[in-house]
Each structure stands twice: as C-alpha cells, then as structure tokens.
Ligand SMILES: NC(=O)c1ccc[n+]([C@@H]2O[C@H](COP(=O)([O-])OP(=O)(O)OC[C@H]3O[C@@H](n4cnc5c(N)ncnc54)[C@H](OP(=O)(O)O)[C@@H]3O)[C@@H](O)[C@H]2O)c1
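One chain comes next, on its own, written out as structure tokens in the form predicted on its own.
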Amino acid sequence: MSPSWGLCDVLVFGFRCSCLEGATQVRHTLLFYPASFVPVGRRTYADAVNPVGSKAVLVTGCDSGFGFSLAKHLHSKGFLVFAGCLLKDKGDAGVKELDSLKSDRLRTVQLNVCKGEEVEKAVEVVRSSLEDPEKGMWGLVNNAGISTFGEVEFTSMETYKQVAEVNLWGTVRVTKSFLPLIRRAKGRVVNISSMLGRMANPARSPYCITKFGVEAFSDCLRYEMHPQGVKVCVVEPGNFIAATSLYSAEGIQATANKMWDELPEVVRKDYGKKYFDEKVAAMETYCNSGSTDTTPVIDAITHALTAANPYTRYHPMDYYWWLRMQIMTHLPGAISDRIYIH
C-alpha cells in the first residue's frame, strides 16, 4: 500500500477506498462489480418458483430468532411449514405462539438436532404428513445454532464439542436424514452459516470453527446434489446479535464466571484477572450490537427456497461487514491483519 495512505485506507479489487469518504462512495464503487460481488441489499430477488402452493419445508431452531420469524413468514407465503423446536416438550413461549396460529399449514415438531432419535422421529412426522411422500419434501433450512465466546486458552474442550455438536454435526445429521425426501422433490437445502464462517475473529474460535465447517459441508453437498437436481444454498448473516438473543449480559457473566473457575492455574496466573475481565466486558458490549431487523435474512432464505435459480451464497449484512469479509477473504493475510486485527 502507498505510504501516504492511512490505516482506514484499503485497496479493494484495484480501487482505493477510504473509510473517511463515507459509505456513499463505497456503494457507488461496488455498483461496478458483477452481481456475485454485490451485497445482498443490491440483489434483485426475482424468478420465484410458482406456485408455492403447499410445498413442505422443515426449519430447525424455531424457538426464537431467525427460525421463529422464518416459520411465520413461510407460513404466510403459503408453505406447509414444519417448525423444529428444541423446547417444544417444555412448553416454550415461542412454540406456544406458533401453535396459537392454529393452522393446518404450520406444525411445531420436537427437534433436538443433537439427538439422532429425535431427528428420525421428525422425519417420520414429516413423511406421514405429506400428501404424497414419494414426491418428497421441498425444503430444509438448517438454522439451529448456538454460540459462545472465549479465547482459545480460556475455552474448554467440552465447550468446543458442545458448539460443534449443534452447529456442525447437527446440520450434517439433519441433512443426511432428510436428503431422501429432498432428492425426491428435487428441492432445496439452505444452511445458515455466518460471516464468521468466512473470516475468523478473536475470542470466537468455537463458533468460527463450526461455521467454517458448515461452509465446507455445504460446498461438498452442492457438488454432489447438482446431478440430482437439488440446489444447496448458504446464507451468511452479518451482525444480528441484538435480533437473535444469542447473548445477554447475564448469560455472558455466568459463562465467564464458570470459565474462570475452570481455568488451569497456569493460565489464570499468566493472563491475570484484569485481562480476563477486560475481554468479558468487551463481549458484553456486543449484546445489543448489530441490526434488530431480521428482514434481510428472512428475505435471503425465502429467495433461496423460491427462486428458479437461487444464489450459491447470500450475504445479508451491512456494507461495513460485507467489505471486511471481502478484504479478509481476498487480500493477503498480512494486509487484512494489519487493517482489522493488529
């Protein structure tokens, strides 16, 4: 980079772009690129599959967040929706609200994606509810997920395994079980990843690992399913922490207390409580960050399910995160590290 540039200056696909010049210039610059490089807000969602009719879709993780909103949205569009809920058997508020619609096109299903027996039971529930099971099920949305925080030396192996069991192996488990129905319909698999499935971030390694895995799994599945007529899409939301209730100040503090208590003595001694508390405080500031409007994510998933030619990847995120993701995935690590990490 030119020595005259400041730290906010970056080189993006041959263009000089300064953060100080504002988002307007960035938007104008991005308009010169092909559709595959343009943020989701600039894409035109058209060419819908008609009619939607009573096409059946299973969505995991519908107790709250994206899944809850998506289940209601797809129902309003005319889909036959099976809403997989972790807490259905506990009478969760989100489940009760979905059930209160009293619609024969929206059915909540007990579904813990970590339990093979619950996944197989969900398959039977869906199959027995289909008008013609031999024609299969149109869509599967793997949305269920959890998150946590903590630097590598602060994070237990048990935590790594817990996050992976839901986010990665849960996605694989549910997909494998429902693929026969999806194949028969030549339908869609939509996997919810994250911008952190494309770029890493400090203190988020358990989450990043699993989302990077979801990206790889989705690519492999897309290659394999192409001859079968099944389309596989990935949705990579940006920062929607405030909209999804992934974190709360109370939850972060409880996690931090447990984490500190379980740390090896050598780690506690070397880092110190002050350093640890600073990292926890930084994480607490994220609780209310990001967009509270999930519409871009819901629209992206809906397009993936209904478009005649859906995109391979969707990027519902603001321009800052979209640009950061492009820089961190396309430029040499020495440059992106200098801009965002060091």
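Quick note: we count residues from 1 along the sequence shown, nothing fancier. It should be emphasised that the depicted structure is a prediction, and the values quoted were computed from it without experimental measurement.
Another form exists, predicted in complex with this ligand; not displayed. Remarks below refer to it.
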item: One residue of Ala256, Val166, Ala203, Met225 in contact with this ligand, assessed in the predicted complex (non-hydrogen atom, 4.5 angstroms); value: Val166
item: Residue (of Ala83, Val113, Leu74, Val232) lying close to this ligand in the predicted complex, criterion heavy atoms within 4.5 Å; value: Val113
item: Interface membership of Gly65, this ligand in the predicted complex, 4.5 Å heavy atom rule; value: yes
item: Heavy atom of Gly139 within 4.5 Å of this ligand in the predicted complex; value: no
item: In the predicted complex, Gly187 touching this ligand (heavy atom, 4.5 Å); value: no
item: This ligand contact in the predicted complex: Ser218, any heavy atom under 4.5 Å; value: no
item: Interface segment, criterion being heavy atoms within 4.5 Å of this ligand in the predicted complex, picked from 179-187, 85-93, 127-135, 258-266; value: 85-93
item: Residues of 142-156 having any heavy atom within 4.5 Å of this ligand in the predicted complex, listed in sequence order; value: Asn143, Ala144, Gly145, Ile146
